[in-house]
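Here's a solo chain for you in structure tokens, the form predicted on its own.
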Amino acid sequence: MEILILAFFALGYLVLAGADIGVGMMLPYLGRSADERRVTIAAIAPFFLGNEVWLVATAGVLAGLFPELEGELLSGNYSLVVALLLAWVVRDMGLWLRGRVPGGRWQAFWDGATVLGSWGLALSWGSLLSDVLLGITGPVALVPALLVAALFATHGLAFAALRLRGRLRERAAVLSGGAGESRTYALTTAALAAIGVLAGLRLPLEPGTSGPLLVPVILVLIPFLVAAQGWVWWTFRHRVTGPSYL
């Protein structure tokens, strides 16, 4: 049961947050003016904070149910974890601060931070997954990391094509064959989930001793998390019509 709980949160994060990471990566391509970038960001604005909850939950489950594995991952990949956290902070700063002060230079700077942080997240996850899956470290690990980052970008484009309209949708659907964005999103979702499962099979998933206490609590909380996520997706199921609060 502990392994299923960890897989649920980890795969949920990869699929859900992978979309907003990918949109951030492709922001210069999708939004070629300040107005277009703001509309593009509106595609992920209702979701990105909720998606990050899945990462927090994954870290909590890892620490509570798999303490030995957490120690191995942190000690063996300390620099990657630090880079991931820094990229996360930079990306979120870019999203939150871009619209707080009027002016093109201010917005362009924080849009750049959003793009840089999104690429940092994708490459950090790609490097971490490469290490777990292939045992590759050092500069050579950049090759599979770039492949994983490309998958994040494709996933983001498919999500953006499902959310945007007009010219922005056409740009996002460049890899989807016009109206095939649902198919592309399903394929990239399956690919990210498959990578996550394969990585999990390579990990020493030995639960700790706190399972009998924590598992019932987590099982009670999961339906509330899923319900909240479902409510957000249902509320914002329609395509973006204009800029958001970001």
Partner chain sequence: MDTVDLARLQFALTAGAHFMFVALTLGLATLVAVVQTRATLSRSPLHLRMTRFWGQLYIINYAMGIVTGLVMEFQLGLSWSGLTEFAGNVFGSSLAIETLVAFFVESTFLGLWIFGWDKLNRWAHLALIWGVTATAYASAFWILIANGFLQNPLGHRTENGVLRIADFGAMVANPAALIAFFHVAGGALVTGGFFMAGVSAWHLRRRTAEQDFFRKSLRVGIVVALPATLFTATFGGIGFQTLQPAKSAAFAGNAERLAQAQAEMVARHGPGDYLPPVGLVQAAGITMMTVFAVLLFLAALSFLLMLFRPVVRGFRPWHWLLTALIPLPFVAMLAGWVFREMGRQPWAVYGLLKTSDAMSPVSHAQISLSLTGFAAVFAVLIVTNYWLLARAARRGPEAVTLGERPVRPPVLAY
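Just so it is clear, the model here is predicted, and its values are computed rather than measured. Residue numbers count along the first chain shown, from 1.
A second form of this protein, the form predicted in complex with the partner chain, is not displayed here; the remarks below concern that form.
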item: Non-hydrogen atom within 4.5 Å of the partner chain in the predicted complex for each of Tyr29, Ala153 and Ala186; value: no
item: Leu11 within 4.5 Å of the partner chain in the predicted complex, heavy atoms; value: no
item: is_contact(Trp110, the partner chain) in the predicted complex, heavy atom dist at most 4.5 Å; value: yes
item: Non-hydrogen atom contact Ile195 with the partner chain in the predicted complex at 4.5 angstroms; value: no
item: Exercise: Pro67 in contact with the partner chain in the predicted complex, heavy atom 4.5 Å; value: yes
item: One stretch from 116-124, 153-161, 140-148, 96-104 that, in the predicted complex, holds residues within 4.5 Å of the partner chain by heavy atom; value: 96-104
